[in-house]
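As a starting point, one isolated chain is supplied in structure tokens, in the form predicted alone.
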Amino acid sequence: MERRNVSISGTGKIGGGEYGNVRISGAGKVDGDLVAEEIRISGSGKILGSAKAKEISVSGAARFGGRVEGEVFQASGACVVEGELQTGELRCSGSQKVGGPLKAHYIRSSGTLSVGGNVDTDVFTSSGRFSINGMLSADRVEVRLVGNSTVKEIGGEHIEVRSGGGFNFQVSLSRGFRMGFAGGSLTAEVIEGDEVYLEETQADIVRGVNVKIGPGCKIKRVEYQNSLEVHSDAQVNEKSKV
């Protein structure tokens, strides 16, 4: 059976259920769980239950009252997901808040990202601010600091945190440290990876196979297997080869 499309351009409310395309450009509310092919919110939208769609796009203000699942989730406005968010790709250039855990294959954030639980992804790239009240687990973590960001723990294979500049992990390892970046800072309890490069980072423990501690870092303890380099403008209290 073909699902019907729904569009709210003024003030309106629909019941939960299964639809084709759902578009809200006014002040719209969905009273219950929502399943759709596509959800687009460019006005003010509120989904009181869970939501599932192939593509979800928010360019206005949206609040999802439960778990959200989609192949692509894009937020360029102000979006709140009160429960868990699970998506193939998350692109955030606005303000994105997730009350529970966040699971994705790819995350690219250039706005403000706040997560109340763990973040589990293959690739995490950020050129904005983020606050993660849990562990960030990814194969590759690439962060360009703009403002101050916080995370409890980071675990991954390649971890790169820079204050400004682009991302090229191999170049950063071969050319060494670059100075003169303007940006913010990252605060974490534990950072653990195979290849680790950090700038403007405060952490209790950093563990890695090959570790480079760049300018502006304050690290209480570094544990490394193969190599460790510490910039003259960095502070490391303890160093241990394991």
Partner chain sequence: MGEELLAKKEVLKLTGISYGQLYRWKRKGLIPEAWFVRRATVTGQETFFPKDKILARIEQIQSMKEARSLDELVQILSPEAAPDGGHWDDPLALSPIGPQAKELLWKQDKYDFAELVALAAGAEAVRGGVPATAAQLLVQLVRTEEHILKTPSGISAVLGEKAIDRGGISVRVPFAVLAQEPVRVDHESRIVHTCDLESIVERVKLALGEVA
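Bear in mind the structure is a predicted one, so any value in this text is a computation, not a measurement. Positions refer to the first chain, counted from 1.
The next section is about a form of this same protein that is not shown, the form predicted in complex with its partner chain.
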Quick one: which of 47-55, 30-38, 206-214, 64-72 gets within 4.5 Å of its partner chain in the predicted complex, going by heavy atoms?
206-214
So which of 229, 223, 18, 233 gets a non-hydrogen atom within 4.5 Å of its partner chain in the predicted complex?
223
Could you confirm whether residue 142 comes within 4.5 Å of its partner chain in the predicted complex, counting heavy atoms only?
no
Are any of the heavy atoms in residue 89 no more than 4.5 Å from a heavy atom of its partner chain in the predicted complex?
no
Heavy atoms within 4.5 Å of its partner chain in the predicted complex: does residue 151 have any?
no
Heavy atoms within 4.5 Å of its partner chain in the predicted complex: does residue 120 have any?
yes
